[in-house]
Ligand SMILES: C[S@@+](CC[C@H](N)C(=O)[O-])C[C@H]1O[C@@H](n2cnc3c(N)ncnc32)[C@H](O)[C@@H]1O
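Have a look below at one chain only, the form predicted alone, in structure tokens format.
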Amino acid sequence: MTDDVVQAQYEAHPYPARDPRDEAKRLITGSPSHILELNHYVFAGRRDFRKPFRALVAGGGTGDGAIMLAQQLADIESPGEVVYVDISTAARRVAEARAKARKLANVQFHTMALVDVASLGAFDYIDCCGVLHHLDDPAAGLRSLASALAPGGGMGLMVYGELGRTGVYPTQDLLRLIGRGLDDADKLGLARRLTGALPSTNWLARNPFIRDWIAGGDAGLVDLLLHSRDRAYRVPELAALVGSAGLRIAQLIEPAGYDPINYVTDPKLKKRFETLDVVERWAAAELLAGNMAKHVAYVVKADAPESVAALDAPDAVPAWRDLDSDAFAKSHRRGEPLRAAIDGAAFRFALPPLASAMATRIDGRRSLGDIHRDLMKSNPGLDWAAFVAQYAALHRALNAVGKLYLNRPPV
């Protein structure tokens, strides 16, 4: 199958469906490529966005990743630029209209294949979200992206997850069987009819993790059930794909979902999970949860030093993502645990005694050293080691569900 067929699909149905007029109402954010998240996992929190920064969004679709990152860079008056690439001119037009609606001048747009991006120069960061699993040769595509990484750079990837897409591929097979000879419009109508007529025993009908695609209009339904080429991955397959390009996974998102210990209370099970290496633990969590319809990964060069921000540096600056610190502090004043849900899975994390007091002091500007000194006024016996232990417990809980990150001054 040629890439022309995939291109034709996205020309007819730009994905995801977006209306540029909605930019006046809200900024769509997500993972990968939120600026706090990518800094934490790719640059150990040390990226100085006041200096030149080049980001590539490879396979940018209708613009979610490119617009999010470009707006966040603009908000902090960064001189950074975002380069958008996609094979679909229809999708590019939507993305360009969204950038225009926001008056973003820091985005360049190109219509080209992912394998040709090296011609655009080197990039500090590359976003490739929902693309590799549609390529004829995903490994070659990822190698092409890796060749465009600047020294010290990294990527944010998203590929489909096999277990969370249970029922999708048999339904694709069924539509190919009963849709022979129909044109694309009739196939779409057939798919819409079929999703409304599935018996309760059908795996797609029983899968709650792909409903957004079905409810996402024509573009979402085509992408889910009528795609001309797609595949899904389990964690070990994703790790192997990343490794084949000379890269390694720094972290899968959200961390809470990829730790099997978070799903069980039995101490013997926990002990067995603790014997696994990091990729095996991620794989075990995937097999336990069964709900991962996609995998979001931050990746760096295989020989890169530790890229995830450390928790014990006085100059590190904690920052919230989409969380009201005062509301959080108020609701956890009495030592209540943190409760959260990710794709239907419930998580519970114990919080340290000073969780509420620390939370009220986290504002994205004060460092851990500043917070420690302030807390010592009312807790004179709180030495640095004791503070770090309590902050680490708070951080691990909130970072695990995507709410707390660290920035560090550049070396």
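Everything numeric here is computed off the predicted structure, so don't read it as measured data. So that there is no doubt, residue numbering starts at 1 and follows the sequence shown.
Beyond what is shown, the protein has a form predicted together with the ligand; the following relates to that form.
- Here is the short version: of G216, G290, G167, G130, the single residue with a heavy atom within 4.5 Å of the ligand in the predicted bound form is G130.
- Comparing 88-96, 183-191, 236-244, 263-271 against the ligand in the predicted bound form, the single stretch with non-hydrogen atoms within 4.5 angstroms of it is 88-96.
- Proximity of P20 to the ligand in the predicted bound form falls outside the 4.5 Å heavy atom cutoff.
- Although the partner is absent here, D64 is a contact residue: one of its heavy atoms lies within 4.5 angstroms of the ligand in the predicted bound form.
- Interface membership of G59, defined by any non-hydrogen atom within 4.5 Å of the ligand in the predicted bound form, is confirmed.
- Residue contact check for M112: one or more of its heavy atoms lie within 4.5 Å of the ligand in the predicted bound form.
- Not one of L252, W282 and V401 places a heavy atom within 4.5 Å of the ligand in the predicted bound form.
- Contacts between stretch 6-45 and the ligand, counted in the predicted bound form as any heavy atom lying within 4.5 Å, involve V6, Y10, Y15, P16, listed in sequence order.
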